[in-house]
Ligand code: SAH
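One chain comes next, on its own, written out as structure tokens in the form predicted alone.
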């Protein structure tokens, strides 16, 4: 499933056990989601890597992530991109993500406590956007914050059977491809 060597290398550089709750450390490398509190989860590793692979991140890219959670996805993307902004609506998880990234000595990720559905206009446009929760529809303001030739990866639909979409912005057009059904917590 994962064929991008850069994504595999980035994944191997990040210790997942640093991004889970202390009671789940022994489960950190099992390939399934784990609870991180506040009715949220850290996604299973294969899903994280697949989403990041779909983003096609280059070293010069600025990435926006909606849903920081524990900071794990942003940590992996930090090894691929120039800068990652990750937004988290739950204040305790924003602090959790900041602390996890700090302990992992990652300095090119900025965690911002805000409503991710609004995006982050202050740093837009973005080369890539990743949404880590199931949206009922693609937020138009996120598409507006995507630069030309940019890509957004977002699960859309019912949280227990949402479709993974890759949307490529080409000029004023958007080309969408589907990449399977997944389960995600709902975008709040």
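Just so it is clear, the structure is predicted and the values come from calculations on it, not from any experiment. Residue numbers count along the first chain shown, from 1.
Omitted from view is the form predicted together with ligand SAH, to which the following refers.
Stretch 35-43 is the answer when you ask which of 53-61, 147-155, 22-30, 35-43 has residues with heavy atoms within 4.5 Å of ligand SAH in the predicted complex. Taking the partner from elsewhere, every residue among 90, 93 and 186 has a non-hydrogen atom within 4.5 angstroms of ligand SAH in the predicted complex. Interface membership of residue 117, defined by any non-hydrogen atom within 4.5 Å of ligand SAH in the predicted complex, is confirmed. For residue 47, no non-hydrogen atom is located within 4.5 Å of ligand SAH in the predicted complex, even though that partner is not displayed. The closest non-hydrogen atom of residue 133 lies within 4.5 Å of ligand SAH in the predicted complex. Although the partner is absent here, residue 68 sits close enough that one of its heavy atoms falls within 4.5 Å of ligand SAH in the predicted complex.
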